[in-house]
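Heads up, what comes next is one protein chain in two forms, each shown on its own as structure tokens, labelled structure 1 and structure 2.
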Structure 1
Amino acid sequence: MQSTILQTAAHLMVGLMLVFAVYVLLRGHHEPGGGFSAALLAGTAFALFAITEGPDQVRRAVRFRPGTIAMTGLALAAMAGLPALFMDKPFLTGIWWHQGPFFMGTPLIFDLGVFLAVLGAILSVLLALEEN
């Protein structure tokens, strides 16, 4: 779409939205948000980018193929369940590590997997529709 205002605004917006998506992803455990919402947000950002600059630019910016992103997400989510198996707990049980000020758990990895899977799915449909 040829619109200078939209293009200029989009350049600013897309970056902001992507940063916000990461924020939403990370805050999800305690506040509204999470992997799914973050993926929708990032997907919207890329949709905006695709409308203003065209799908080729999006492909270049993302670098990885959407299918690869989705598959990585599924693999991450599935692998997040493995540590529990090694500790003789049911698959996908949340395992947490406390290390000084750091606090980290498999649910975060799982949520990251959800984020990538949904984002990959959105991107693949979006780009297929845009590449007319």
Structure 2
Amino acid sequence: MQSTILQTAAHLMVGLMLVFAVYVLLRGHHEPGGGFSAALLAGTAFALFAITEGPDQVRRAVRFRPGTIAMTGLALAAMAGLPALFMDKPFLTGIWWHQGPFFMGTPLIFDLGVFLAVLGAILSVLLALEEN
């Protein structure tokens, strides 16, 4: 179905949904949200994009194979637990680094890994279903 109204609305909604997914990802370790919720939201945005534009446009927009995205996410989530081991703490204990007004912690790295792993899995299924 080719609908100019649907395509225009989808382009606006996909952008808003992806920005909101980043927001949900970043607030996840302080309030409800995080990598899993943000990936579901981003996956929904890509599903809407695939419905209106087709799977080839989604592949061009993502630029990486979904399996590579998922494996990178799994590796990142696993690596988030390593700094705690080097500090003689249990695996996946939250470690924080402060540098002036900026700070970074392993929970954010873990959430980013979960986000990439779930998004890669969603994109794999979505693109496989869209092609058939």
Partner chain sequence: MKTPLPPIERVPDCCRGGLVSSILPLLLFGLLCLAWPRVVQGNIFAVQWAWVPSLDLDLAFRLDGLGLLFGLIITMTGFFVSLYASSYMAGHQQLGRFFFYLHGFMLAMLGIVLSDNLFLLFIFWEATTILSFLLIGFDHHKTAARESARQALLITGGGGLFLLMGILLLKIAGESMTISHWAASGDMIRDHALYPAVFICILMGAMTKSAQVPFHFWLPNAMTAPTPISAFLHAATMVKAGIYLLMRFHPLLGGTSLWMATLVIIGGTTALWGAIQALGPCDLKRILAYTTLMALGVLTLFLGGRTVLSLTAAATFLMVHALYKAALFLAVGSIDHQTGTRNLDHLGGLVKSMPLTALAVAAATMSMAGFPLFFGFIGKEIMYEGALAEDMFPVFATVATLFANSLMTAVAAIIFITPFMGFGRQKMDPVKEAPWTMRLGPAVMGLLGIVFGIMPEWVSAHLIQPAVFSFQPDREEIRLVFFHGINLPLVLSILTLTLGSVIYRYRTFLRHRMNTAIDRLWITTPGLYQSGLDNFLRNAGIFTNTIQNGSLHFYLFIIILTLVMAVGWVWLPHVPGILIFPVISGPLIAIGLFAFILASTGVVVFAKKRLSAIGGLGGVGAGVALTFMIFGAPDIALTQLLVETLTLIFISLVLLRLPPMDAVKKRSRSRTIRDACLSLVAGLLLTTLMMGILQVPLDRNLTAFFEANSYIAAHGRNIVNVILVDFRSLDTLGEICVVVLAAWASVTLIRRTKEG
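All residue numbers here follow the sequence of structure 1, with the first residue given the number 1. All of these numbers come straight from a predicted model, not from anything done at the bench. Rigid core (definition): largest C-alpha set, two forms, superposition within 1.5 Å.
- Comparing the two isolated copies of the chain, the first one is the form predicted together with the partner chain.
- Superposition of the core reveals a Cα shift of less than 2 Å for residue 60 between structure 1 and structure 2.
- For residue 99, the Cα shift between structure 1 and structure 2 is 2.6 Å when the rigid core is held fixed in the overlay.
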